[in-house]
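In the block that follows, a single chain appears as structure tokens, in the form predicted on its own.
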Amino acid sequence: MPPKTIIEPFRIKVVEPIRMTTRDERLALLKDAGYNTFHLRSRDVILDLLTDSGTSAMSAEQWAGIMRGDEAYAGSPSYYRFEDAVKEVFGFEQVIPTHQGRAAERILFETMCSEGDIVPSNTHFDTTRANVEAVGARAVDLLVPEGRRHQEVHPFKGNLDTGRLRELIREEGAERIPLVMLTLTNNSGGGQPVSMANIRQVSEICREHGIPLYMDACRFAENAYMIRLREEGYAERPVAEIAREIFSHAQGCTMSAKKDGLANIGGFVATNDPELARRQRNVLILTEGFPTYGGLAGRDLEAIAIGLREVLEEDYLEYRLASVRYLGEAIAEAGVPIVQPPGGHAVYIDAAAFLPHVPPLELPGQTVVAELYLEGGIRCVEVGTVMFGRRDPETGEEHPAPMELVRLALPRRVYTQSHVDFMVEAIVAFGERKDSVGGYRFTYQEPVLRHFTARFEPLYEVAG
């Protein structure tokens, strides 16, 4: 009989102290930060769930690789080890390193899109959407209806709606769609996976119309493992083999290696199109660096090469998804509404359902973010109207986002079971007094990616 408790498949070799703060201290710090947890110093955060990007704990093998890193400007052996790992895991022949995922996105869209183009996706994340729009193209989300029904349990709520994709191609014309982008897993939609069947169907539609399919691969291993757990015919397949099948249906990908690369920095663009890769390398040289380092140190390339293989270890993936599932199920049992089922890298609280008395334009997600920091020193992020809402530049009128979520993203190999239990206690404690809180309003915002730098003020008296 398998054990009931899934333990962390690693030992702790180095520890980093956490500074404990009081609620009164946190209230003062939050006020100084304009009630935006992006402005907090990390030393003032007890448990940091702001993002799983670049926050992984690296392994002993990765640290050993860092010591081996070769810092030659051109032709470093560290690059070739990195290139071999990407080719082995993803199967693409042209590999272009970048300093992180958004740089890969910028290079991809700059070389493939023009003003007036349309880029469909299951759901674009914030930097992806911004990079599409920066070249004058339009980002269109085609999430399946199940993905918008948060409490409904469905195994693949990250899927792209293939019927709507066909309709979009028919209405706009394939010539206006330079590529389709499929995000694995669907971060903006609750960290939900995409099924192999959906990947195959999207690929067939793209091939039928001569449209390249690209993937945002930053959480590819978590998506592959959920295919193994949830999709018929994959239960006995190695996760690495499932990953290769996923990418066999695409012409290329972008990746932030700060997620399932288990590294603290880095990313890449990969493709099988040598002419496109030539143009992308020219942009890389202009903006990032020579093609065999791409804005990264040799030591970073080594860490990514090792991490891409470690992330496919099935003991690790079992533990990773179990930790996220444990957090999600524990708070859901206490009455906190979440996107069901829990995703691979994060739990998403449905802020609109959690605080039904706070209207969308009073930013219920931002209320949850602020109150969880006050309650337990937990830093998380709003994925709702602050991040994806729109402000009319002429009238100043705010338009809410279709979803009001709060993401609790767990860094990889960082927190233990007791840390997760503490998270549960703090979230449940806030839930017991949630009816006493109100909303927020903007006091400052930028026109693009405003959630990173915005400042707010509460519309209720925040208790110390």
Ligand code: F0G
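Residue numbers here begin at 1 and follow the sequence given. Treat the numbers as computed from the prediction; the structure is a model and nothing was measured.
The same protein also exists as the form predicted together with the ligand; that form is not shown, yet it is the one meant from here on.
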{"item": "Contacting member of Glu302, Glu382, Glu222, Glu105, with respect to the ligand in the predicted complex [4.5 Å, heavy atom]", "value": "Glu105"}
{"item": "In the predicted complex, the one of Gly101, Pro364, Gly147, Gly343 near the ligand [non-hydrogen atom within 4.5 angstroms]", "value": "Gly101"}
{"item": "Listed range touching the ligand, judged in the predicted complex by heavy atoms within 4.5 Å, from 316-324, 120-128, 193-201, 160-168", "value": "120-128"}
{"item": "The ligand contact at Gln417 in the predicted complex, heavy atom, 4.5 Å", "value": "no"}
{"item": "Contact of Lys258 with the ligand in the predicted complex (heavy atom, 4.5 Å)", "value": "yes"}
{"item": "Heavy atom of Cys218 within 4.5 Å of the ligand in the predicted complex", "value": "yes"}
{"item": "Proximity of Ser78 to the ligand in the predicted complex, heavy atoms at 4.5 Å", "value": "no"}
{"item": "Residues from 155-187 in contact with the ligand (non-hydrogen atom within 4.5 Å) in the predicted complex", "value": "Thr183, Asn187"}
